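Here you get one chain, nothing else, as structure tokens; it is the form predicted on its own.
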Amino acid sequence: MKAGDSVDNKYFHSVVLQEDRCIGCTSCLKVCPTEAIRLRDGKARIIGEKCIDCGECIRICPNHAKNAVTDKLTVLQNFKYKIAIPSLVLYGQFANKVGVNAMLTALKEIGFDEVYEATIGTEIITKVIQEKILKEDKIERPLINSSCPAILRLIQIRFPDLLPNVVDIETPIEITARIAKRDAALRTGFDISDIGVIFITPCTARVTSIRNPLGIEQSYIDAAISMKEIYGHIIRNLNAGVEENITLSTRESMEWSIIGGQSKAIGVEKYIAVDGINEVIKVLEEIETGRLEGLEFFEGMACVGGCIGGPLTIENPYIAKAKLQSIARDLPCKETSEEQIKQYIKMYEEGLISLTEPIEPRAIMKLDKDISVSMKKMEMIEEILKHLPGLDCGVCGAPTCRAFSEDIVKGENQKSICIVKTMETFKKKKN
């Protein structure tokens, strides 16, 4: 999709192409985990139905031709009462001398009436998985965390057989947003529609999940502002007001956005935590083929390091990780009472925090509605492949030789030729 196009026929996408900056270098072509990018007439093209908005193309593009569609601060004008929910990643973006309460106070100075941390969401998910979901024998193993929207959409496209393994619980952000709205409505008397919950996001996929949520009918979040967008505003307001004691973060919640933090908080023994979308794909392949028998929990995060490596962050993920771990060491561990745990489980069983909509596979590889025609097209793909070099060089404008063959058979590529094969033929004729 091009910049300015927010929606294709079916899906909203936060990742867009700014065509005038694209030089057709194929960098994005090679890193896209779902083969959603093609090169046409010297410019990249994003195939909307394949894109999972992971932001890998934003990260790799040397010319900044890929961008993210997020909300601007002017969105605050749409609501009478504004609540900011910052990703806990935010705390790792500033110098060590800047305290958490100073950052959150600066957020309020920007124009938010209230700052509500996602700590409550992480606590609820941790306890529900610990005390309820892990004890259910009928649930598929290994459980797969549902907190990374890019991984969920990846599973939809490439590993649909693993959808039953996904933990059927909302993300910490969604749970926190619902609780924040409810509490604000009771406290202020405002109607729910007058209360805006704005997420400060490090993640392009999260922006998409707000507009097109998976597993729930509608998101409780009203807007998402990029961490890059708001960073300068926070810096300018760090000393603008009297610092308030706002944070309720715990050691567990602070480490949640770092790879392995969820598994550690849950306390499960047989788990694998994997970061970086290509490494996640490798492990999901192992799970799909049944090679990881006995595994209880899989924590997969699309970005390197976890959410701290999101494409909309400022700080290097390794430095951010060190900062968050330093903050976490000085925080208390959360003690949850038996009564609170019962309340959380009740919320889950009543559908208040569980996924209420089925996550369906996205059949992007369907060649034809007629199965017999589809089989014939598959045979054509295999026949074309026999005559290709198998180098997956990307010169043709497709990421792999198979993708090139599929595009031809599906009628999506009528112009490109295999340069490598053409050169081989030319050399043979010349000799």
Partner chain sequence: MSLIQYHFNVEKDDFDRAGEASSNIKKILRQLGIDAAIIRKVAISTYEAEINVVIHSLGGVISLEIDTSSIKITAKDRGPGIANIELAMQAGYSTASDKVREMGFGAGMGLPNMEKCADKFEVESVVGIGTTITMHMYI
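Values in this document were obtained by computation on a predicted structure and should not be read as measured data. Residue numbers count along the first chain shown, from 1. Rigid core: the largest C-alpha set superposing within 1.5 Å between the two forms.
Below, we turn to the form predicted in complex with the partner chain, even though it does not appear here.
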Item to complete: Would you kindly say which of 60, 393, 384, 367 lies with a heavy atom within 4.5 Å of the partner chain in the predicted complex?
Response: 367
Worksheet entry | Heavy atom within 4.5 Å of the partner chain in the predicted complex - the one residue of 161, 330, 360, 339 that qualifies | 161
Item to complete: Using the partner position in the predicted complex, report whether residue 288 sits within 4.5 Å of the partner chain, counting heavy atoms only.
Response: yes
Discussion item. I'd like to know whether residue 378 contacts the partner chain in the predicted complex, with contact meaning heavy atoms within 4.5 angstroms.
Written reply: yes
Worksheet item: Heavy atoms within 4.5 Å of the partner chain in the predicted complex: does residue 43 have any?
Response: no
Item to complete: Report yes if any heavy atom of residue 100 sits within 4.5 Å of a heavy atom of the partner chain in the predicted complex; otherwise report no.
Response: no
Item to complete: Sort through 61-69, 393-401, 368-376, 25-33 and report the only stretch with a non-hydrogen atom within 4.5 Å of the partner chain in the predicted complex.
Response: 368-376
Discussion item. Does residue 64 move appreciably between this form and the one not shown, meaning a CA displacement of 2 Å or more on the superposed rigid core?
Written reply: no
Discussion item. Quick check on residue 385: with the core superposed, does its CA move 2 angstroms or more between this form and the one not shown?
Written reply: yes
